[in-house]
Structures are given as structure tokens and as C-alpha cells.
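Below you'll find only one chain, the form predicted on its own, shown as C-alpha cells.
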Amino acid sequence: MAVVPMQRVTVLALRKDRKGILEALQRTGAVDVLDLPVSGDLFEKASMPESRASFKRSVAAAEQALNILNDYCDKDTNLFSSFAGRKPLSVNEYEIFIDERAEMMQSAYRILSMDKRISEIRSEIVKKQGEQAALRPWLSLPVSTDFSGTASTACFIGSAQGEIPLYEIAAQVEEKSGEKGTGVDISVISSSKAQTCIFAVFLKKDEKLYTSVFAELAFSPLSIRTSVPPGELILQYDKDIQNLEEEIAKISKEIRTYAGVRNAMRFMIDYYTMRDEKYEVIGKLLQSPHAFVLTGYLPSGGEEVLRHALRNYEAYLQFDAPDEEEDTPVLLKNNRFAEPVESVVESYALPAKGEIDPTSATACFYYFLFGLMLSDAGYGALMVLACGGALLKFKNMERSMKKSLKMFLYCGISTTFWGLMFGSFFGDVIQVVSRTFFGHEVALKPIWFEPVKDPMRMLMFAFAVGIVHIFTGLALKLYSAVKHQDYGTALYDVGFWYLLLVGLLILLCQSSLFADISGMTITFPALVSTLAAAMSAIGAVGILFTGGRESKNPVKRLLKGAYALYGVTSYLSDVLSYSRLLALGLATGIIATVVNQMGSMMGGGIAGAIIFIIIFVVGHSINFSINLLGAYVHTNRLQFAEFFGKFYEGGGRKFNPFGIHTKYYRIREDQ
């Protein structure tokens, strides 16, 4: 386990070589560039926001165009594309793409324009369909909706909520108009539970009267105004909608003709992403009219790589050890066994300055605990085959994906091991299949024991694993303190706790409470018991008087020490947390057994075999998925809470080099 030492590198070069030098540095991906402050009048910093904003717009346009093409065209990727990694691109191919970038972006904007037009047409169709829906109740209206009457007559076109019979409308109108009215002709255009639509004609001199009467009866005038009858307008809308849909089909067909430019869009995304990152670095440089200065962090041992990359330029390179107070970035370096777990450590926090890298210790316990929680040889074999097969098949896989698959490969090996130790292979599928379909039961005997039949033994084992895990965390804290020659912390925060916890553990193991819970009786010689009691007493007194040593007030120091001593209860709760090893292991085995029993309920024969296979595949897929997720989550939880909490703080800044961080293409320098 190691954190790669960093050194500070300064590059001083002519401004005319800036483009070439930055591109060379970007290809090496070895320098984490610092944003230098301006001091004095000799140097200044370039303002890059406008250029970077332009690049981001180009990236966004290319991404949108690519998404549109993926929506309209057949997929050119599959489920396994994420494993294949970025497509290699030679320098010649790269330069060809660059020469054609203007044409590519024109294609992107043309695709966006066509998609925008389709969106506009669809909005127009929705609008016309809405107007059609509003006019449909007036389909049988014989006049246009803006018809106001003749020379001697006026009309009212309106609707009221609910279904109202014609005779009821006529009676109410007659009642309210009384002797003032000279008569009205009312026609019900349509009637439903939602509304009743009417067309009424009366003499022009009675217009105010009947308009007022219909208003009193809650009839609202029709707000839609048309120059032709609603029936004719609805037919016209149908033709308009058909024409718009034909236009959509025509534009969609044209969009599909651009299917071949999807790789070009991917290149545009990568190209302008690289340019954006390059201009971000330019904004960090100190520049004069003729020179520029770049400063950053370089992993130790990378000097020759940098000198070789800049060999064709007149550049002055200076390598310095960083000062103690500098916030140097963190880069982890571990062996092949531990490297896959670096992402787990990073998801919690990278080591702070001076802290040890916990990846190796984390990896050992991570694989161990994951396998113990899943603990089924069948599920473990599936993980090994899937992850191992993907690693063998996809040689160009991205490093992050490869690390994740390796982590689950090792977890699968551990799962297979514990499955064999506990006699679980897809639950008890071997026993069930042999008994149901062959009439002779064959059992997979556990190498150790079956947790389902002996859960207390499994619980005690889980607690023992937890104690070892927690004590390892304290040991790492001791190692770190000794490494930094902080012997006080080593004694006060680790030594006294070891004395207290080990002494209490020995006393607990020979107590009647432990015997009642575990069913095991452990007896130590009297000398061991006396020694354990003395260790506990020394540890407790040491913690009491040193737990609050940072306080100058003796009373506060003693009270803080008492509070620190009370922390022994947290160790008890930490150990109890490892009971989840029992819970998740039992859950996997019991659910798998239930699935097998359900599958065998139809008995033997062809029909029974078909039903068994269906239930087996579906049931075990669900059980595997759920418990795989549970094992992942709870393994992380035991690492983060119980293990890291004993020695690890984190807070380091990730090493983020200036490089080619592309999404789709990887440039082959050897070409």
C-alpha cells in the first residue's frame, strides 16, 4: 500500500511553443497543473471564458445531435459496448477528423435544426388537435361560429355545464323572458354529461333580453371564432394534420440519412472536450509577450517521461520537492490484488497528507467479508465466469471498468470458497434435483458447517471476524503513529485501548454469559485471568488520564478522559454490527432453498422439469441480484464505519493530471 510521492515541476518556455508543449503535456497525462497567482508586472494570465464557453456549446451541440441520431436510427452500440472501451484512433485518422470538423459541426447544427422543426410541427399538431376537440361538440352547427344573425335576427351560440333537455331550456327561457320577449327558436347542437351546446335565434330587437336570459341560465357564449362551420373546419384540420405528419416523416427520413455521421459526432465531443481542457490550462499559466510559465505536480520517477515529451522544444524544466505545508495531490499505487479496491477507498476519502494508504488492508477484508455475506458457490461461480470472461474478451477495456470487474472477480472467488465451506450451491439445488428427478438424493456436504443448521456458531464466527477487523484498524493506527514517531499517540490512543479491550475480551470469554449465549465453555488458568484483569485496569486508568490530554484544566482533562473511556461501549456496538454477516448469509441460503422447493413442487417428468427451470432461473436471478447488492452495500458499510473509523480520516485531493480525458476515442501515439 502506497501513496505515490509527488514533486513540483516548473516549465519555462517560449510562447511560440506553447501550443506544441501543451499538446505534448496533454498526451503524457502526467502533470497536475496549478493555477498560479499573478505577482508583479512581468507576467499576466489569459482570459479564457469565452473560448471555453464556445467549446462547451460545440460539445453540447454534438451530444444533442448524437442523441437525436440514436433516437431515429438503428443502434450502433450494444449491451457490451461499455466493456469494449474507447475506440483506438490513429494520428492520421485524428487529423482527418480535424480537417473535416467544420463540415461535421454543420451536420450537427442541421440535425438540431431538423429536430427543432419536428418539435415545432408536433406542437402545431397538438394545438390543432386541441382546437378540433373543442369544436367537435359543435360539429352539427349549420353556421360558422362567428355568425351573428341576419338583418332582422340575432343569435346566441353557447354552452352550459351538464346535460340539460331542450324542453327544460325552453321552459326556463320562456319563464325568464316573460311577456318582454317575442319568441326564440332554440336548437340543441350536442348534449352530454359534460356540457350542453345550443344555437338560439331571435329577433334583433330582443338581443339584449335573450343574451341576458341565457347568461342567467349559466350559458356561456362560444369563444372560438371561425369563418366556416365547425364541421368544415374539422375536416380542414384533419388535412392540415395529415400534411404536418407527412412533413415530420420527410424530415425524419432526412435525419436518418445522417446515421453515418455518428462517429463524427463522437469525435466532435471528444475533440472539443480536449480543447476545453487545454484552454482551462492556458488560463492557469503565467504569460508574457514572449514566454510562459507552467507549474504543477508530477509523480516521482516521471522526470524522464516529461523530458522525452518536450525534447523537441526549448523548455527549461525544474523539479523540486514540495514544501511541508503544500497540499499535494494524492495518487494511489497498489499491487494487482489490492488495486481494484482503490475506488472503494476513494469513494470514502483519499488519504490526507501523511496518512497511510489503507487499500491493501481494505482489499483483504473486502473480499473476505463480501464472500462471507453472499456465501453461495453457484453465485460465486457466476461472478467469476462473467467477470473473468469479460476481462479476457475485452482487452481494450477502460482502466476503471477493468478495476471494477477485477474487484467483483475476487469477490466471486471468495463467494465460491465460502459457499463450498458452508455447503451451498444455488442453495440445495443438487439435493433437490437428484431427489426430484432421479429418485436418489445426492448432497453437497459442507467442508466446515451449515450456518442454517448451526446459526449460533456462525454468529460467534461473525463476531470473531469483527474483532479481528477492528483490531486491525487499531494496528494500522499504531503503525501510522510509530511511522511518524508519534509515540504518545501510539501509547495513549492505541496501546491503552489494546490493553483494555484484550483484557475485557479474555474475561468475557470465560464468563457464564458468554457460555449461555455461545454454548461454549472456555476456561483460562488463574494467572491468565489475573493478567487480563490487570490489563483491563491499566488500560482503563491510562485512557481515563490521557483521553483528554489536550485540555490544560485538570478537571476538564479528567472528564474528557472519562468520556473517552465510555467509548468502550461503541466497540461493543461495532462488534455487534458484524451480526449482518450471519443475517445476509442466511438470507441468501434460505431464499435459494425456498426457490428450489417451489420449483420442485410439480414433481418429476418433462412438465416438472420445465416448471423447475423457469422458477429456478427467475427465482435465483432475483435472489442473486438482491443479495449481491446487499453484500456490496454492507461490506462497504463495515469498511467505512467500523474499520476506517478506527484509524482513517482522509481528506486528500485526487491527482487530476492534464490529459486526454475523452469519452469515445483513444489516440494511438504509436501511429
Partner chain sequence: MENLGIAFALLGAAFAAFMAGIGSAIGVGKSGEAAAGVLTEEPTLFSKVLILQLLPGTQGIYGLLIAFVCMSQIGVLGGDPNLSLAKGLLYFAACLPIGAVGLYSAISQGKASVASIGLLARRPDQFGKAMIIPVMVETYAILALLISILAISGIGGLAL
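Residue numbers count along the first chain shown, from 1. Here the structure is a predicted model, which means the values were calculated and not measured.
From this point on, the text means the form predicted together with the partner chain, which you will not see here.
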**Study point:** Candidate from Leu139, Ile413, Val305, Ala587 lying within 4.5 Å of the partner chain in the predicted complex - any heavy atom
**Key:** Ala587
Point to revise | Sole residue of Leu582, Leu310, Ile269, Leu382 within 4.5 Å of the partner chain in the predicted complex, by heavy atom | key: Leu582
**Study point:** Location of the partner chain contact in the predicted complex, chosen stretch of 559 to 567, 271 to 279, 258 to 266, 455 to 463 [non-hydrogen atom, 4.5 Å]
**Key:** 455 to 463
Review point. Can any non-hydrogen atom of Ser551 be found within 4.5 angstroms of the partner chain in the predicted complex?
Key: no
**Study point:** the partner chain contact in the predicted complex: Ile626, any heavy atom under 4.5 Å
**Key:** yes
Check your understanding: So in the predicted complex, does Phe319 come within 4.5 Å of the partner chain, heavy atom to heavy atom?
Key -> no
Practice item. State yes or no: in the predicted complex, is some non-hydrogen atom of His634 no more than 4.5 angstroms from a non-hydrogen atom of the partner chain? Key: yes
